[in-house]
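One chain comes next, on its own, written as structure tokens: the form predicted on its own.
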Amino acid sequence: MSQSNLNYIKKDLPTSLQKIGFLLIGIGVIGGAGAFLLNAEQAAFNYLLGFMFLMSIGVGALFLISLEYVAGADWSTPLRRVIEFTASITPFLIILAIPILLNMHTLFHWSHTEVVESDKILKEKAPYLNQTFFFIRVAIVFALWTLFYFLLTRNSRKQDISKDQNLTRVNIRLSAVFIPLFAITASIASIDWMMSLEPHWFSTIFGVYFFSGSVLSALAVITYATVKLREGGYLHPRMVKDHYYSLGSLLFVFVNFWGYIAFSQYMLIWYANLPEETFWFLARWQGSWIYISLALIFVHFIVPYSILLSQPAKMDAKKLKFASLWILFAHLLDLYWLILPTFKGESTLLNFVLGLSFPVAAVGGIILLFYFNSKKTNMVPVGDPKLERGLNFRL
């Protein structure tokens, strides 16, 4: 353990956390290999589910880092390293995307030249929906996310040693540039990786829908990790439950925001009643999908809304941890609902169980990133000029 300023003592995370992370990744790899051997087509869709789960959490956290700098927030400074550790998913996305790029023809209907030639709508979309331009967009989007992640976190960590306040001003300027870029790139990513699974479908609000789910899921990871780390004595001892309240309030806000955007998308498509839009919802209102569609209303909105509604609940560690895990499950169910109806093949219970190995590996990856980041970096940004104000934060 090492002593730092403001009475913060760095405490290493237990090695058992590393073992848990590797165990979950091992289960994911073995189960994933079995899924591809059993049914490669469905496994590709399940892998995309796990990939989007990680992507949404990583870029959602990166947005929250930028938001803190641009807004000049003080309360979140003591827990910014938790946000940075969550955003460390981002640089690995380009590597994790390789299996999807190798399964383009399985996942994306528009990637077949002969299909495009016989489809008037796909022909009109071909200047955008073609493999070459798709690869270019993927490279640009991931490069921008990775660049801003490294710039923002490098300056934050350099500040631990240098105590240079100018680094905060540099990050504010970087964040001001990144936020509009994030709005564009997150929309592009959501359209490319999920919306284009149904290339005939139109929705002008899908990018905002992805944004709401991404920030909410990132907040859930950050809230759960913050509470657990504070309980274990890994964060600054002067953090109080007022910080919990701010996290709980943000969770509550984005639960409502997700519900508003989800309802708006459905209501506008239902009201217009255009065939090129309604078929997407109709596919999710048939067979067993109707139960998942109805469940989302309760699982993703009504239950977390009810848990987080009262002020005491937003400061209750147990309720915050439960609500965070519940929201992550709801987000995974939402992604399943978005992606898997596109798979038209036959599925068995074994296919479904093996498909869960990809999200399991994703959880293991997040745990390992927290562990290895904590070995190299303080859990508290001790050089940040806002830290003292953040520790004195009271409602």
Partner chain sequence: MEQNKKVFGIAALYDSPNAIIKAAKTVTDKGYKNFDVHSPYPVHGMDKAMKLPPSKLGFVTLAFGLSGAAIALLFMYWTMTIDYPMIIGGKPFFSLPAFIPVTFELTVLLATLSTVIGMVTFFFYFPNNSHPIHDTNYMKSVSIDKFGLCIEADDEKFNEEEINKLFTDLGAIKIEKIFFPDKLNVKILEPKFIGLLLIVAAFVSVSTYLHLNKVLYLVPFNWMMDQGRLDVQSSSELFGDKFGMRNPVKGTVARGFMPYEYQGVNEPTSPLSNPYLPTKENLSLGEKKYNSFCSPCHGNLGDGDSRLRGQFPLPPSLHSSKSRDWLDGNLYHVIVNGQNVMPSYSSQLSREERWAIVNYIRVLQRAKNASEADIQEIKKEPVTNVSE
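Residue numbers count along the first chain shown, from 1. Predicted model, so just to flag it, every value in this text is computed and none were measured.
The following text describes the form predicted together with the partner chain, which does not appear among the structures shown.
Participant: So, in the predicted complex, is residue 162 in contact with the partner chain at a 4.5 angstroms heavy atom limit?
Facilitator: Output for residue 162 is no: heavy atoms all beyond 4.5 Å of the partner chain.
Participant: Hey, in the predicted complex, is residue 176 touching the partner chain, heavy atoms inside 4.5 Å?
Facilitator: It does not: once the partner chain is placed as it appears in the predicted complex, residue 176 has no heavy atom within 4.5 Å of it.
Participant: Even though the partner isn't displayed, in the predicted complex is residue 8 close enough to the partner chain, meaning a heavy atom within 4.5 Å?
Facilitator: Residue 8 lies outside the contact set for the partner chain.
Participant: Even though the partner isn't displayed, in the predicted complex is residue 291 close enough to the partner chain, meaning a heavy atom within 4.5 Å?
Facilitator: Judged by the heavy-atom cut-off of 4.5 Å, residue 291 is well away from the partner chain in the predicted complex.
Participant: What is the one choice in 306, 166, 311, 113 with a heavy atom within 4.5 Å of the partner chain in the predicted complex?
Facilitator: The option sitting close enough to the partner is 311.
Participant: Just to confirm, with a 4.5 Å cut-off on non-hydrogen atoms, which of 150, 298, 128, 270 contacts the partner chain in the predicted complex?
Facilitator: For this set of options, the contacting one is 270.
Participant: Go through 225-233, 101-109, 184-192, 259-267 and give me the stretch that gets within 4.5 Å of the partner chain in the predicted complex, heavy atoms only.
Facilitator: After filtering at 4.5 Å, what remains is 259-267.
Participant: With the partner chain taken in the predicted complex, which residues across 380-395 come within 4.5 angstroms through any non-hydrogen atom?
Facilitator: The stretch 380-395, when checked against the partner chain in the predicted complex, contributes 393, 394, 395 at the 4.5 Å heavy-atom cut-off.
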